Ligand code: GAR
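Just the one chain here, laid out as structure tokens, in the form predicted alone.
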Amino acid sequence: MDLIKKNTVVFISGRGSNLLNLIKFSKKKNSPISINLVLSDNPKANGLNYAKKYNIEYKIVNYKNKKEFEKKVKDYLIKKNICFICLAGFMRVLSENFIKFFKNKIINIHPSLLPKYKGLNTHERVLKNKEKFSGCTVHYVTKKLDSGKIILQSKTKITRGETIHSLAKKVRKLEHIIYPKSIDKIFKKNN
């Protein structure tokens, strides 16, 4: 019996390395998701090139007004029959109403071992505080920033002489491993 893949959108704002990773994952036969749409608040997001390359529909939605942005996005996701949302470097905070509407259908990847270092500039703060480990977390999105139920985490040792750049690179590698694993975990649990 063939797996019925969940129609998925990936929200991005920038580079798109997690988007590319998720696209490759979605193409696998046993992947539970199919990426039908890439949505960006940034018309210059490099990740849009991956959507083009893989022939995935993409939409750029202006974020000047949060309410309008979310209404447009919500209506479009309903129209497109999207039932799962992956945030991948999406640099906006979604409203409580939007999150409620898609309850337990939105996940995010964050470059720290939550609950530590929520928000921005995580690598900088981790190094400044002389932490021994860092990593990344995939979690459900709730109204409180980076506070939803944790799905998976992965950690890495911080080496002597570690820089923001080297740490970001190490954490990104882990992100590319645990984001697909988290999606598998969610849908295997729900089957």
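In case it trips you up, residue 1 is the first one in the sequence shown, and so on. Since the structure is predicted, the reported quantities are computational estimates derived from the model, not experimental observations.
Separately, the form predicted in complex with the named molecule exists; it is not shown, and the next lines address it.
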Listed residue (A88, L113, I106, V73) with a non-hydrogen atom within 4.5 angstroms of the named molecule in the predicted bound form: A88
4.5 angstroms heavy atom contact with the named molecule in the predicted bound form for N18: yes
Any non-hydrogen atom of R172 within 4.5 angstroms of the named molecule in the predicted bound form: yes
